[in-house]
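Given next, in structure tokens, is a single chain: the form predicted alone.
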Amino acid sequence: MKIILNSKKTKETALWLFFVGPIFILFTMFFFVPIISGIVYSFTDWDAINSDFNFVGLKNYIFALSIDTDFVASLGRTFYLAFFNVVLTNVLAMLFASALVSNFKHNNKIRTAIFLPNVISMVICGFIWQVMFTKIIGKFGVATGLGFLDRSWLGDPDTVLFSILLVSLWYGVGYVMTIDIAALQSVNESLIEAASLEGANGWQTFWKVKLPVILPTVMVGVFMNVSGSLKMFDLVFSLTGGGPGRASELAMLNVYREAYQFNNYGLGSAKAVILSVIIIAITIFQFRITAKNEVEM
């Protein structure tokens, strides 16, 4: 009996090593090791070129948070853009989902049109909209008499963040919308019928019945949207390059420039760690809020 049990356990271990082992090795090599090495380098003055470096303790962190005003400003712009991006993306996605959850003739075509930008690379989207802002929207404004469109959207510090937000909404609303549609379709019809019999109108039914039921699913889209907004890089890099000046330089672009353009890899790693800690803290806070609401329901 003991031999049989040992044989079964050996077989399970062999299967685990066969299926999980390769993934675990790849995960360690390409995810865990870079994270640890990045944290280690954040305490050094390594320039990513020479093999020699010195440990400088918390100097990089102190410099990034108290002396480097460009990084602090980039964090402020990141939070500002992330807030409006998350709020507007999820509100618009829920509005589209509520309108498109029912079946009608052109339902699938409209869903596809809204979701289509998400299948394009964010870098490509940046270049597409760069042409739109610089060569098409202005001419369209002149042709239609809409003078407010004929301006330097990407060259004006007052409008460049709005331009990035507009493209981000165009790109991301469709993906969150599909999550919301799936959530709305999963609501039990008997709950809606019961609310209708009680005299609830459409808004009351959505707010009191549908939203509490779909909230955990909706929060998945919110989590992904928050993380993506705080880590936004490729769109800004291809659309504005951080300009004009540093008016649209977000935190991830500041980290990239510090590490790979200015060759301050140690300082760049410290900035990346700071941003990662902020994202993790916000994510934990979101999970706690969501868990609390689920318990209350």
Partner chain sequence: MMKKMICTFLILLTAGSVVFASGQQDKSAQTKRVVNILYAKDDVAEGMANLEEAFERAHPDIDFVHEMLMGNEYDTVLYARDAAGTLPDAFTVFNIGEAEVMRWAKAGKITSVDNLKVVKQLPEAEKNALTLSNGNIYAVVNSSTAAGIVYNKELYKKAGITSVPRTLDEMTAACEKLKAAGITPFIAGAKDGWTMGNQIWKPGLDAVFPYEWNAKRQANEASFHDYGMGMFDFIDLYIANTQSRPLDADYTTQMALFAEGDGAMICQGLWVYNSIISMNPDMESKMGFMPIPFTNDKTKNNLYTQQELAWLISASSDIDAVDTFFDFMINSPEGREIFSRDFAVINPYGIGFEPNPVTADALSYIEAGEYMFNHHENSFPAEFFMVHSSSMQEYMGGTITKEAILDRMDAKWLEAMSK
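Positions refer to the first chain, counted from 1. Predicted model only: the values in this text are computed from it and were never measured.
Beyond what is shown, the protein has a form predicted together with the partner chain; the following relates to that form.
Between the partner chain and the residues Leu81, Ile214, Leu154, Ile114, the one pair within 4.5 Å by heavy atoms in the predicted complex involves Leu154. You can rule out all but one of 117-125, 200-208, 155-163, 100-108: in the predicted complex, only 155-163 has residues with a heavy atom within 4.5 Å of the partner chain. Heavy atoms of Ser229 never reach within 4.5 Å of the partner chain in the predicted complex, leaving it off the interface.
Among heavy atoms of Ser42, none comes within 4.5 Å of the partner chain in the predicted complex. Although the partner is absent here, Ile67 sits close enough that one of its heavy atoms falls within 4.5 Å of the partner chain in the predicted complex.
Although the partner is absent here, Glu193 lies well away from the partner chain in the predicted complex, with no heavy atom inside 4.5 Å. For the partner-free chain shown, nothing in 179-193 comes within 4.5 angstroms of the partner chain in the predicted complex, judged by any non-hydrogen atom.
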